[in-house]
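Consider the single chain below, provided in structure tokens and representing the form predicted on its own.
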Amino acid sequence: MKIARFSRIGFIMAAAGSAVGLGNIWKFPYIAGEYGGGAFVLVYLLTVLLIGFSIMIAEMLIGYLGRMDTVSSFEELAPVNKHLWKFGGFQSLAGLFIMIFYSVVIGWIFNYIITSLTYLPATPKEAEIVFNSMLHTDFITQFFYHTVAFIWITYVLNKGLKGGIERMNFYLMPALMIILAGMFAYATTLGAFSQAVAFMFAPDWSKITSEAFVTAVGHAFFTLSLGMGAIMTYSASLEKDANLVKNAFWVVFLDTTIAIVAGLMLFTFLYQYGSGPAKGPGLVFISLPAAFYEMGIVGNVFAILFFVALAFAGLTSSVSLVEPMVQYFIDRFSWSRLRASLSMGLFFWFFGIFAILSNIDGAKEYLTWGGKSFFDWVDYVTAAIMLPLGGLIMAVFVGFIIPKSKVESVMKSQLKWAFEPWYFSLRYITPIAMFVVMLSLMGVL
């Protein structure tokens, strides 16, 4: 089945929407602080340039040449052993599995948008009590907003690439950037801005370890939406004369810029009004609401704007996580878009209920194994195994399986002198890096 065509700006917005998600605004800032601030930012930027950018071009190339869903594209492009290489396309399952907990987190954000209208916790301790109460005892609230996320995402997916995904990103991505730009501009007027700049960019090399490098590679994959079939699926809709390198550059540039801007803005508020950086959910659901409280009525406005921006980032990523499997069932089994969208939506909605229950007192004991809850296991398996494995498969496929002449026919004119270094990196450096990352995240190394 022919895939609908994106406009160039539509592709960039959709791919950037896929890349710009909760990882940029939530995860990147606290990871940067944990692993040496400026030192980690430098390592991350090098990782994005040398590995992330390289893999993104490879993933775009597979989709651009294949012109079908991920499974069919691998099968179509493999000169031999097509029946085996088609399984490389099932990396798109990673996005669907990520949605199991991603939708739950988006539900938390929806809840915080509503509560921020009238209430902000006065202290980090109070904020922690509020968050933990929701997480461990309030099943109904989490279930309700998880369901709202499911309805929104399924509706957009059913509208298709042009009418749903491109249109949503056309509005939400600029809105997200305007909100963050406005809050960042305000942050630059505060005395703590220089402290935030020092935190983000002043290097602490003592914290740069092998674990920091692994974390940088892993986060680059997560935040750029690599190894889950989203970029590949979108690239199948590009026009024949599309420049993959330029498109990849703009996606990486927007993704990285938003991550850095969000980090500077968040840490300025935390240093100015709060107690400093925090890790994990504590950054945006505990420390930040308490910092907003100190701003007075302006804090309520900023809290609402921030969580709306965070919701936009989550929603634009969510449709990209599910679309590859939707397209697979449309192409391979001739399902209607409604049937495919609803089936995939119901999958992550149903298992998302178990992700919620795995944190609820009285139920979590039955959904915890090996020291990890069902929520944590889904997060771990996708991040530690599925995404690095997807990157490894793509690097090997483009570097060794697709004939070099076919790769050159598209990429030589676009990369010019950089083609051979890129191709060498894709064949020898990237696969090793992906293998090491996967073993490290699995705890083998």
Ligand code: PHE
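Only a predicted model underlies this, so the values are computations on that prediction, with no experimental measurement involved. All residue numbers are counted from 1 along the displayed sequence.
A second form of this protein, the form predicted in complex with the named molecule, is not displayed here; the remarks below concern that form.
| Interface membership of M228, the named molecule in the predicted bound form, 4.5 Å heavy atom rule | Flag for M228 set to yes.
| If you check in the predicted bound form, is L22 within 4.5 Å of the named molecule, heavy atoms only? | Yes, L22 lies within 4.5 Å of the named molecule in the predicted bound form.
| query | Is there a heavy atom of S320 no more than 4.5 Å from a heavy atom of the named molecule in the predicted bound form? | reply | S320 belongs to the contact set for the named molecule.
| query | in the predicted bound form, does S73 have a heavy atom within 4.5 Å of the named molecule? | reply | Contact with the named molecule, no.
| query | Which one, 264-272, 217-225, 177-185, 201-209, holds residues whose non-hydrogen atoms are within 4.5 Å of the named molecule in the predicted bound form? | reply | Stretch 217-225 is the one.
| F306, F292, F150, Y102: which sits within 4.5 Å of the named molecule in the predicted bound form by any heavy atom? | Contact with the named molecule in the predicted bound form is made by Y102 alone.
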